[in-house]
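The chain below stands alone and is given in structure tokens; this is the form predicted alone.
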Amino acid sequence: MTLTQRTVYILPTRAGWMLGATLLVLLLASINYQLNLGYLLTFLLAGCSLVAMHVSHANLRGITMSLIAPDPVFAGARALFDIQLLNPSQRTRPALALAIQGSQQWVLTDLAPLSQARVQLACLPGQRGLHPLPTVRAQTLFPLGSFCVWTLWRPASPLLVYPSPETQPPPLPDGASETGHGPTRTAPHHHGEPDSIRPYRRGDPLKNILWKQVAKTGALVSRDSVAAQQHDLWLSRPLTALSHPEQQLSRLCAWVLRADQLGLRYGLRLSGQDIGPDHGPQHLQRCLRALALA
């Protein structure tokens, strides 16, 4: 959005109102006592205030603001998004301030002639889902602080909020049948990799435990041999053994992150939507998005 005459507003600040009252008192005193120096001082200060008003308005007018699409976040975490400021003119734009409307957490920046700058703002979204970004306020008090010039901008890009993962979820389920009601395994799947890993099971020999992986993640994982078969893991609401829908999604979110961390092939079965077993960053994002919009 490029700031124009129609989108930039201006009002005197508290200091500006005090300056106006002082000028009025000076003018009345100069008239009452016929003070030529009083007239000179009054009109000089009034002229400086008028010039400051035009300079302050021009300091913000003409700037182009654009949003850099924010990354999805988990519920309860702060969302960070960047705003690109472009100065297309040959003059410097000092003392620009941006903040979420009503937050009073200002981020200050200056713009050199024909330059651009990036400002990062933060907000705290509420529940999971797709949310609009909050309104951004940009303002400047330059040069005297007697006038506040501001604009309001609501970015059009939405913010995707994933469910908050359960902090201490139970271990991953062993699998699910095609109907999603029993802990049976699906058909085995061959990766073609020399080795694969899976969560530790009671009875696994110590030599098969991946101690480096344990040191990184803190979870016990075991190595399958080349001939071993890896099974697809299906995750669904009934496997959570919870009744509250949001708690089910939080546990599924934690399981999806856990399965991705362990490099497992997993699928997600929600009401009306099945995501087939797979692995990798794109599959993880697809599952988290489905949980956010479930």
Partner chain sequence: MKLPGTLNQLPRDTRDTLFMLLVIGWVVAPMLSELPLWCGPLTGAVMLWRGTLAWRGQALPSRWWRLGLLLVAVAATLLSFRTLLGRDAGVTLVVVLLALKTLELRAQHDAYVVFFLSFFLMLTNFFYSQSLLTAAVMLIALWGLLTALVNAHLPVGRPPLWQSARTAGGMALLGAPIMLVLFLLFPRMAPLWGLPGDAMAGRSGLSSDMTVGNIASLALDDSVAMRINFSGPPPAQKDLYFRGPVLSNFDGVRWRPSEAAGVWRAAEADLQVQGPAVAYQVTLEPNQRPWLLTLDATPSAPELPQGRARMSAELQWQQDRQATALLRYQATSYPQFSYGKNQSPARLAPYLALPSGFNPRTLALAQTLRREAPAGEGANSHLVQAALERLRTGGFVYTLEPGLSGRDSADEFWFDRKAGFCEHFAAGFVILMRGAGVPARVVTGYQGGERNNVDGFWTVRQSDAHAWAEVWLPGQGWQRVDPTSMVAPMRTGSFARLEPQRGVLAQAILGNVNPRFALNLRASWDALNNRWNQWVLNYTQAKQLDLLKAIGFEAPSWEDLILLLCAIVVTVSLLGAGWSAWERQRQDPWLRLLAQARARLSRAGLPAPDNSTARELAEQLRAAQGGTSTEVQALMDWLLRLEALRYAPPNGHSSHKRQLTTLQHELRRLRWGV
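Numbering follows the first chain given and starts at 1. It should be emphasised that the depicted structure is a prediction, and the values quoted were computed from it without experimental measurement.
Here the subject shifts to the form predicted together with the partner chain, a form of this protein not shown in this document.
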Check: Taking the partner as it appears in the model of the complex, which of 118-126, 77-85, 157-165, 137-145 has residues with heavy atoms within 4.5 Å of the partner chain?
Finding: 137-145
Next item on the list: Evaluate Leu67 for contact with the partner chain in the model of the complex, applying a 4.5 angstroms cut-off between non-hydrogen atoms, and reply yes or no.
Entry: no
Note to self: Taking the partner chain as it sits in the model of the complex, is Leu108 in contact with it (heavy atom to heavy atom, 4.5 Å or less)?
What the structure shows: yes
Item checked: Distance check, Arg14 to the partner chain in the model of the complex, heavy atom within 4.5 Å -> yes
Margin query: Does any part of Gly267 reach within 4.5 Å of the partner chain in the model of the complex? Heavy atoms only, please.
Written below: no
Notebook entry, point to check: Thinking of Ala29, His54 and Arg61 as the candidate spot, does the partner chain come within 4.5 Å of a heavy atom on all of them in the model of the complex?
Noted result: yes
Note to self: With the partner chain taken in the model of the complex, which residues across 65-84 come within 4.5 angstroms through any non-hydrogen atom?
What the structure shows: none
